[in-house]
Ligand SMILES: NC(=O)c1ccc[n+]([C@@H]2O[C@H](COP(=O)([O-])OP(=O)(O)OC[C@H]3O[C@@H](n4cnc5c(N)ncnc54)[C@H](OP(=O)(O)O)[C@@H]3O)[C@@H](O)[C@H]2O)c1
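Single chain ahead, written as structure tokens, the form predicted alone.
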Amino acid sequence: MNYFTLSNGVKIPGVGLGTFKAENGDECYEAVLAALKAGYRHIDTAMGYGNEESVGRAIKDSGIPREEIFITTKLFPGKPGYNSAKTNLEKALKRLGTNYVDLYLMHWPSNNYSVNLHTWKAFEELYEEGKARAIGVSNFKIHHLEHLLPSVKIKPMINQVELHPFLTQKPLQNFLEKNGILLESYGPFAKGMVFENECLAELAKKYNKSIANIVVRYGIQRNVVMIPKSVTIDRIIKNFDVFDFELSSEDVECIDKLNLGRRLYTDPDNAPFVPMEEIEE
């Protein structure tokens, strides 16, 4: 297992299981349980996914000590605000069956910078209270962070964003590294587009690995936490087979050249502008 170290010293596994669109119930439960049995120790969920209960049940039934598993959850995208950040985490902890999460993320920025700061104050307090071992943001662009960072007491420790070979996010990573913030990838397989790419297919053949393995390994070597998502048990197991090989620097550069700056998921700049008077104080 590969681990990265957050700015506060907390270790985060470099590969985790994403649970976006994994249905609450048997589908999500079985996927998480299979991942944990395969060696994963990082499970990424969110309040908006509606499957925290299944994640918590699988973690409990795995028999693996809670302290060995890194759990991430995220605040509801449409529920910014100080009180919302606090009350919704309490509800999430009950669904997950734990008294803390390892990482709590603000799922989406508002394009009202004051709302982001107002919400972040609660994240700082939850961190200080031990309800979250680390705190961070998701889908934040550089301009969102430029307005947030000067006013915070505790900087975000991670930023989870869309990142794959066709959207490499190099400028964002450079900015984050200067501020001690780790980069994390969701959607690493670009909605399946990576499986149709000739360069990646050639690299898979060269290393006797799957294209998914090549993409996940590429992220790890860039110091990016990778969150591949699947509910197919065979794929979950195979996606984790990335710790016994290393891409050459030339092959990393080959993947870098696939960058199109192409976003396949929602652009954070299209996030709503939420007036301060519309959020709970």
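Counting begins at 1, following the sequence as shown. Being a predicted model, the structure only gives us computed values, none of them experimental.
The next section is about a form of this same protein that is not shown, the form predicted together with this ligand.
Within this chain, E52 is remote from the site of this ligand in the predicted bound form, having no heavy atom within 4.5 Å. In the predicted bound form, at least one heavy atom of T232 sits within 4.5 Å of this ligand.
This ligand is not shown here, and in the predicted bound form it never comes within 4.5 Å of any heavy atom of G56.
Although the partner is absent here, I214 sits far enough away that none of its heavy atoms falls within 4.5 Å of this ligand in the predicted bound form. With the partner removed from view, the residue among Q160, T119, T168, S110 that has a non-hydrogen atom within 4.5 Å of this ligand in the predicted bound form turns out to be Q160. F189 is the sole member of F189, Y100, F175, Y82 with a non-hydrogen atom lying within 4.5 angstroms of this ligand in the predicted bound form. Shown alone, this chain has one stretch from 199 to 207, 111 to 119, 88 to 96, 133 to 141 that lies within 4.5 Å of this ligand in the predicted bound form by heavy atoms: 133 to 141. With respect to this ligand in the predicted bound form, the three residues D44, K74 and F195 uniformly fall within 4.5 angstroms at the level of their nearest heavy atom. For the partner-free chain shown, I227, P228, K229 of 215 to 229 come within 4.5 angstroms of this ligand in the predicted bound form, judged by any non-hydrogen atom.
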